[in-house]
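For reference, the chain that follows is the form predicted alone, supplied as structure tokens.
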């Protein structure tokens, strides 16, 4: 069957940067190891799952450059989950419980107040058949818990090394809800067995889940847990403290895409987050694939700083050839030449900033307050020198003639000449080389801009 990894989002909201990191690390591992990548849609939450979010997930992954070898929907596997639950019941490993959420919350609060770990007390195991019937006669429906073994669980984590879990320190997890639907733990394990998942790469917040899932795997299929390797990467937090949530839309991929972030910049940033080279851009996913290694993932909690992502995005765009960005530009309704891209790419933070320089070169600009403070004699000299500069041999020759003439006419040079000229022609303090911008503006537009100050 070969090796498989999986990315398993739930279609209850938009993917955010935390989800993107999970998808990316699994994808890079798969492509490096020759494994196959499964996109598993965890859509058993029928109330919140929406087809629109399924489509958004696929669009976001495609934008990142992540392709999948197969796609599966958990909603199509409900019968398999039910059969697995029946097998666990027959083994005595799955038992019914009738506590309400309020009763469980009270138990938890009481245990914490006593300084004890909030572990389920297994009171339901002591219920007689008569008590079971009595509870159900009152309208209570059971949820079903998996009885954990108290034995120690060990696994060699690909990122953290040897992990040891004591079964006495965990509550028996709920596997089936009152409505009969499976929870994540049962559905995920059944699917991992069915698809032959060979490596699970996910956040460190799932570490306890792994110990539980190892026991569940062994209960459903002897020695199956030994066929799966595990790797838990540290989570990151937003520098601003903002919560990452699909339902809240925090730092969603859709938002980043709309704000002009290039997918390679985001992939580079997420793959190297927390490392010393996090701000070094990779020009392809293949380069990231070749560099991928669990040993390079920092064990420390990292910060996701949008400003650093913007800086990396700027650095990446300054290196990308026109062919790499033109499709994205055209999708955004931006049509430029190779020459224009080369001229402005070193002065943009996002692809959308290209529009700003289009306006500077071909549109209208606001008058500069700094330029308005200039001696009117300088404006008049600019007009005269532009009139004398011929475009017969091209704009580059025209610019050379103009600057040479203006230097001689005003006695200015260096910053004293070029800074006010930049303010007049572009309305900006900084930007691409003025000579290059002038080649797109042409003499007529340059003269019109100078004349506004007269």
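Since the structure is predicted, the reported quantities are computational estimates derived from the model, not experimental observations. Numbering follows the first chain given and starts at 1.
The discussion below concerns the form predicted in complex with glutamic acid, not included here.
Region of this chain that lies against glutamic acid in the predicted complex, out of 138 to 146, 331 to 339, 103 to 111, 201 to 209 [heavy atom, 4.5 Å]: Comparing against glutamic acid in the predicted complex, the contact stretch is 201 to 209.
Contact flag, residue 449 vs glutamic acid in the predicted complex, heavy atom cut 4.5 Å: The answer is no: residue 449 has no heavy atom within 4.5 Å of glutamic acid.
Close approach of residue 379 to glutamic acid in the predicted complex, 4.5 Å, heavy atom: The answer is no: residue 379 has no heavy atom within 4.5 Å of glutamic acid.
Non-hydrogen atom contact residue 5 with glutamic acid in the predicted complex at 4.5 angstroms: No - in the predicted complex, heavy atoms of residue 5 and glutamic acid never come within 4.5 Å of each other.
Exercise: residue 215 in contact with glutamic acid in the predicted complex, heavy atom 4.5 Å: Heavy-atom contact with glutamic acid at 4.5 Å: absent for residue 215.
Sole residue of 95, 184, 195, 294 within 4.5 Å of glutamic acid in the predicted complex, by heavy atom: Only one option qualifies, and that one is 184.
Stretch 284 to 314 - residues with a heavy atom within 4.5 Å of glutamic acid in the predicted complex: Stretch hits: zero.
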